[in-house]
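The chain below stands alone and is given in structure tokens; this is the form predicted alone.
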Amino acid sequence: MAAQATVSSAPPRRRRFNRDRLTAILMILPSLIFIAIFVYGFIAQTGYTSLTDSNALQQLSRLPANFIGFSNYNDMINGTLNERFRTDMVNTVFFTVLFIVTCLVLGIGLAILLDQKVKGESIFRTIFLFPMALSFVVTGVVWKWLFNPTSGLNALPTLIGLPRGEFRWFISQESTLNFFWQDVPTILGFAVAAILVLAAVYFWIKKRSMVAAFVMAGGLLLVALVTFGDPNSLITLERPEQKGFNLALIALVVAAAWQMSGYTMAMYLAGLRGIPEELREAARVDGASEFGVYLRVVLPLLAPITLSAMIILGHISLKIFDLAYTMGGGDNLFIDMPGLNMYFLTFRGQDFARGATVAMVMLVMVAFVIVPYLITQLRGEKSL
């Protein structure tokens, strides 16, 4: 009788489950439709526009845009008139690396100091987090005043009788780490190969897996191809075009790190408070110094927070617009960014196709940072 009751109750339960599932799907369906149209639909439209010659003249004459394939992308890389885009890409790489490193170092340093249970911790925490309450526009205006070559920080030494500072900050035209744009494929090839080899060594030490051996073989093969091949033939720009790290970017990095280091500090502080004190005490009992405790125990446990902070900061830096526009006005190419270039091409130059091309390049750069992180998070959730 009990078995019959169980069997007879199964179909209603299944019907209830199906009804609840259908209700959940119907509840989220409007959001899915709006996201499909206003996010992915517009992304698809932008991608198609980047493959055409769409511009204001063509639209005013009511002529259809011509499909030209990847010509716009090739012009961005090799076109003589698109040097600004290439400068923006180099600026973005240097800015992103310096911005992330600065925020991580300041963030973990401030978090460790606050984790010492200092007096007035809540006050200091509020002070460090306060810049996040400001927009990048306000931050840009404030730091533009401070970095004014004729006043601001340059004038501080005069208060104690020292000569005025001479650094030109965001209008500096000096650069270092110079290279030619034609050498970018070789540089990227060696960089990717180095990352593959380091990743292979890490996984081999941790797991001794065959995957690590294949990754290392791929890295070494890439080194051989770059060394004995001719990757620079991918760039057909005839005139040598020198790029490098523009020192004016230091001002942009300082302003951006001032605003976001407090956020990184909050992330690290939450992670530090989540580490059991017993683990630190055990390391000290084993003879580890205080530096060794942080190096061997604390920092490895904070690795997921470091990864999350890098993803968030990288996402911000790759699409930064307002801070660079406020400090440079859109005409200072030494701190120019792809977002500014896209804005001027699309809304000032009315060249919709090339503006869409820059937008798609920015999307790929952001996706290159975000997608691996999302995949890792989804795999972690499935394994739980």
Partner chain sequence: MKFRKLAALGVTAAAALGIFGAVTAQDALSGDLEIFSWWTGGGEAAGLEALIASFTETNPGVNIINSAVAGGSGVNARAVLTTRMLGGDPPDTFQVHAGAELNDLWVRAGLMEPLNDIFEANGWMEQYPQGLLDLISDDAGNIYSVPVNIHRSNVLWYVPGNLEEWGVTVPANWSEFVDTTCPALQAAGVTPLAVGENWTQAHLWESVALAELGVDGYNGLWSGATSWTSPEAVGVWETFGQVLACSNDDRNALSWQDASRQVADGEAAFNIMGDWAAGYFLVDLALEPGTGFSWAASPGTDGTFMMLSDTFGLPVGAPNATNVRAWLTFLGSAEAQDIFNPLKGSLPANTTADIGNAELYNAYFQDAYADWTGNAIVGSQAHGAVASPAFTNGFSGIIASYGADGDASSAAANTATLALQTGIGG
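Everything numeric here is computed off the predicted structure, so don't read it as measured data. Positions refer to the first chain, counted from 1.
Below, we turn to the form predicted together with the partner chain, even though it does not appear here.
Heavy atoms of L196 never reach within 4.5 Å of the partner chain in the predicted bound form, leaving it off the interface. In the predicted bound form, the partner chain lies farther than 4.5 Å from every heavy atom of T236. In the predicted bound form, the partner chain lies farther than 4.5 Å from every heavy atom of F67. Residue contact check for L98: none of its heavy atoms lie within 4.5 Å of the partner chain in the predicted bound form. For the options L299, L188, V201, L81, the one in contact with the partner chain in the predicted bound form, meaning a heavy atom within 4.5 Å, is L81. Although the partner chain is not shown here, in the predicted bound form the stretch 342 to 367 places heavy atoms of Y343, F344, L345, F347, R348, G349, Q350, F352, R354 within 4.5 Å of it, in sequence order.
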